[in-house]
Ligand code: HEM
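We begin with a single chain expressed as C-alpha cells, specifically the form predicted on its own.
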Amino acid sequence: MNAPVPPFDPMGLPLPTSILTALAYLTLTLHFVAMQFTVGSALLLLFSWRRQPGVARFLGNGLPLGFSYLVTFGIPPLLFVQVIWGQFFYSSSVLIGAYWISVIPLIIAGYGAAYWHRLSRDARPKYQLVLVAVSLVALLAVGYIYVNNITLSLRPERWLDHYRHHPGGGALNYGESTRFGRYGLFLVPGLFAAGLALVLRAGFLRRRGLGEEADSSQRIGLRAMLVATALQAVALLALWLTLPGAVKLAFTESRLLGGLAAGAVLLGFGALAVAWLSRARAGTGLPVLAAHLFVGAIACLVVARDLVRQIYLRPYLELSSAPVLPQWGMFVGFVLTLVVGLLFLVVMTKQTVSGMVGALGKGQGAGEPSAEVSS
C-alpha cells in the first residue's frame, strides 16, 4: 500500500500479542465504564439539579470520583495501544497535534471543575451549573478528539493528504464518515451507566426505609437507561451505514465478530430488563447483576472494536508476524501492581459503602434523608 507507515519497533513486542491484547481489553473496558459513568453523571446532574436535589447531590459526589477512575484507568490502555499499534497511533497523534496536546489542559479543566463543584456547592450554589457544564464540555471535547485520532490512525492512506493541507496539525479527521457514529457509540452508554447507578442507589435507599427518595432515584435512572438504549440504536445504525464494505462483510461472515455484536446487544438488553425488574424491590442484588451485564456488554464492544481495527490495518501490519522479545519481569511487575490496585479499589469501595450505611443510620427520618444520606 502507498502509505507512509513507519516500520515496526525493532525491539519487538515485550509480550506475546495474545497477552498484550487481553490486558488491553481488560483495562480499556474499565476505562470505558468509568468514562461512561462520568459523562452520564454530568448529563443527569444538569437535568436533575433543580428537580431532584437528592439525585443531583449523589451524582455530584460521583462526578469527581468517576473522573479520577476515568483518568487512572485510561493510562494502561493508552500505553497498550502505543505498544501494539504505535506506528499508527503516533502518526495520527502528530497529524492532529494541536488538538491532541489540548487533551491535557481539557482534562485538568474538567477534573478541576468537578472537584470545585463538589467542594463549593453548598457555600456557592449560584455557579454550580456552570462548573458542571465546564466539566461536561471538557469530557465531550476530549472524547471527540480521541475519536478523531483513532479513526485517523486507521487510515494511513490519508496521512499525506492530511499533512499536505494541514501541516501545522490544526485539523481533525474531517473526512472520516464513521467518526460521528463511533462518537455516539462510545458516549451514549453514559446515560445508561449513570442511570444504572441511580437504580443501584434506589435499592440501597429502599433497604434503609427511604422509599420516597428511592422511588425518585429509580424513576430517573430507568428513564435514562431507556433513552440511552434508543439513542444507542441510532448510533449503531449511523455507524453501520458508514462502515467500509470489508468491515460490514466481516461482521456478517465472521462468527466471532457477529457473536460479539450479538452478545453486546443481548447483555445490554439483559441489564435493562434486570434493572426494570428491580423496581420497588429493596436491596442491591438485581442492580448489581444488571451492572455486571452492562460491563459484559462493554467488554464485547471493546473486543469487537479491536478486531475492526485489525481489519482496517491488515494491509499494513499482521500482528501474528510482529517480532516478540518477551520481558517477563516487567510483565510480572505489571500484574502484581494491577492486582494490588484492584484490591485497593475493592477495599475503598467497601469503606465508602460502610460510610454510607453509617450516614443512613443517622438520617432524620424515613422520608427526610439528611444531606449525608442524599450523598
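When you see a residue number, it is the position in the sequence shown, counting from 1. All values reported here derive from a predicted model rather than from experimental measurement.
Below, we refer to the form predicted together with the ligand, which is not included among the displayed structures.
- Site annotation in the predicted bound form: the residue of 186, 116, 204, 159 reaching within 4.5 Å of the ligand with a heavy atom is 186.
- For the options 281, 166, 223, 305, the one in contact with the ligand in the predicted bound form, meaning a heavy atom within 4.5 Å, is 305.
- Mapping the unseen interface onto this chain, residue 37 falls outside it, with no heavy atom inside 4.5 Å of the ligand in the predicted bound form.
- Within 4.5 Å of some heavy atom of the ligand in the predicted bound form lies at least one heavy atom of residue 31.
- Interface residue remark: residue 313 is not counted as part of the site for the ligand in the predicted bound form, having no heavy atom within 4.5 Å.
- Using a 4.5 angstroms limit between non-hydrogen atoms, residue 75 touches the ligand in the predicted bound form.
- Contact check at 4.5 Å (heavy atoms) against the ligand in the predicted bound form: none of 3, 155 and 239 pass.
- Checking 252-260, 136-144, 168-176, 189-197 against the ligand in the predicted bound form, the stretch whose residues place heavy atoms within 4.5 Å of it is 136-144.
- Contacts between 320-334 and the ligand, taken as any heavy atom within 4.5 Å in the predicted bound form, involve no residue at all.
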